[in-house]
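Heads up, the chain shows up twice below as structure tokens, two forms, tagged structure 1 and structure 2.
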Structure 1
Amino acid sequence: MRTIFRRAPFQRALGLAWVIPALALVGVFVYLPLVQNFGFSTLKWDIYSGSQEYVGLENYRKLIGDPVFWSSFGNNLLYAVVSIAFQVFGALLLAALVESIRSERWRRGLRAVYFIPSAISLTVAGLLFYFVYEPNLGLLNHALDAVGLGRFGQSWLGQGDTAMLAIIAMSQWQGFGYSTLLFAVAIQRIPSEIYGAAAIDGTGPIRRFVHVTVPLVREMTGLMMMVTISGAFQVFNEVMVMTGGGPDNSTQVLGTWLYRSGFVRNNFGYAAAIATVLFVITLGVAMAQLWVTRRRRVEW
């Protein structure tokens, strides 16, 4: 007994010896940059000349009065709403339809077909759709001409009222299959006995989806909501590849406006303030979603 008690402090120390290096790496490469970024946001910093001037919270006051910042935030918010509709609820519905097919061969084939776009990087997908949306030679306008709807053809990325929606449509195409596959895995984990009992009770497929599938995949739904919203506020590649934030800043999102403020307009302190706001938004969303998911955990 004494030997066991003597070993316990040694085992704890040995466990800390394994944990401390990982904590040190996380602290140096994650938490320290966060603190430094907040410090940068209190400066007026010319990154090319190296001159720095402490301005306190002036960058945050400028941010509140910046119309491009608010339009960028609105674009991120629109991106999040559309992504939730398609990549969470739409993907859940499609996954339920695929998993309801009796043929295993068809289920596997459809999962592969829907997942293929997700294997394409966002940069490549953005370039692909840039040419799809091209007003003169693009596939979309030619397809509209072919079905007699040529009057609706336009410069999809060249107009402020369609450019952001065109970018969002591309991103939904690229990410929809991945979300569908995750929901399919969650549905496969539901015991078949539950569906069998629901069928014996005379419930139809719609009621089984609403009263069995949806409640039992709520953990995956919560995870996908968190990932989708966080991803919507970290959008960067597709906007830079397809429009660069134009026309007339109509497709700027927080990530691209941060980049433009820091590396194009040489206002690094202001860019750091945008980064801080972006971090607070994503952290708040993640903490709220984790709290909700923990309270609604599914137990078999």
Structure 2
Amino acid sequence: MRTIFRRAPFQRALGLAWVIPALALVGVFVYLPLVQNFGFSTLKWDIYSGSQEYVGLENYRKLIGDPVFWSSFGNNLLYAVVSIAFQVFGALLLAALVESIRSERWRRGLRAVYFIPSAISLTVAGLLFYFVYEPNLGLLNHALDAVGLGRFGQSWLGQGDTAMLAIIAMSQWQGFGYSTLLFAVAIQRIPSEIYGAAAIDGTGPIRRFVHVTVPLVREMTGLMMMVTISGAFQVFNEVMVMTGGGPDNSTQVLGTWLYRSGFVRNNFGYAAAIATVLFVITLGVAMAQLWVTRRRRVEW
């Protein structure tokens, strides 16, 4: 017993020594920048002279009165709501439909078809859809023309009332297949006996979906909702490529307004304040995700 007592502190110290390098790396590259960013958000920083003036919470006060910050926040929320509708509930429905197909070959084929857009990078997809939406040469206006709906053709990304929806639509196209695939995997994990029992009880496909599939994939549903919301607040690439936040800041999201505040308006302290708010939102969503996945675990 004495030997064990003597060796325990040594082993604890040894264990700590092993994790110190990893802790140091995470600390320097993850946590220190976060703290630093908060430090920057309390400064008025002139990148040209290098001078940094402490302004306390002034940047946060300015943020509250900034209409573009709030419209950006609103765009992120809209993004989240539409993404939940399509990439969570829509994808679940589609996955259930695909998985209900008897032919394995068709199931595999359809999964691949839906997944392909997700293999394209967002930047490339954004560029691709920029040309789809282009008012003169774009595929969408030409397609509308071809089916006699030319009067609905317009400059999709050039108008404040359609630009954000056009970007969100592209994003759904890009992310829909990935969510569908994840739901398909979750549905495949449901034991077939449960469906068999439901069939013996005389339940139709809709009731089977509502009373068997939906409850048994709730863990995945919860996870997908959190991932989707978190992703909606980290949107950047597609907006930058397709509109750059315009016209008249109508498609700004928090990420692009942060970028514009820093790199275009030279207000890096204010940009850091937006980054802090963005971090708090995504951290909150991540915490909620952890809580939800811990509480809604399905076991059989």
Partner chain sequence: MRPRALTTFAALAGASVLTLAGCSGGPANAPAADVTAEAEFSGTLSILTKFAGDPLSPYFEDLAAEYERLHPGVKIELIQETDQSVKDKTKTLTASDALPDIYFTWTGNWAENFVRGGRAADLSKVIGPDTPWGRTFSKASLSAFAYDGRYYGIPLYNNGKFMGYNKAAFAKAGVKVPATFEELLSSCPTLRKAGYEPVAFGNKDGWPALHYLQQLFAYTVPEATLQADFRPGTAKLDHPGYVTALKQFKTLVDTCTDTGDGTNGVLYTSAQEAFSRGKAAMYYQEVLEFDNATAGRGLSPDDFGIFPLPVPEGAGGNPKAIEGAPEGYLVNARSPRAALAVDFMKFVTGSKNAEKLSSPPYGQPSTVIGAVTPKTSSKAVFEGIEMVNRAPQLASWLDMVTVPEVADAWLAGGEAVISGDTAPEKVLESVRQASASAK
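Take the two forms, find the largest set of C-alpha atoms that superpose within 1.5 Å, and that set is the rigid core. Worth saying up front: this structure is predicted, and the values here are computed from it rather than measured. One-based numbering along structure 1's sequence throughout.
Here, the chain labelled structure 2 is taken from the form predicted together with its partner chain. Core-superposed comparison between structure 1 and structure 2: the Cα of V280 travels less than 2 Å. For A17, the Cα deviation between structure 1 and structure 2 after core superposition amounts to 4.1 Å.
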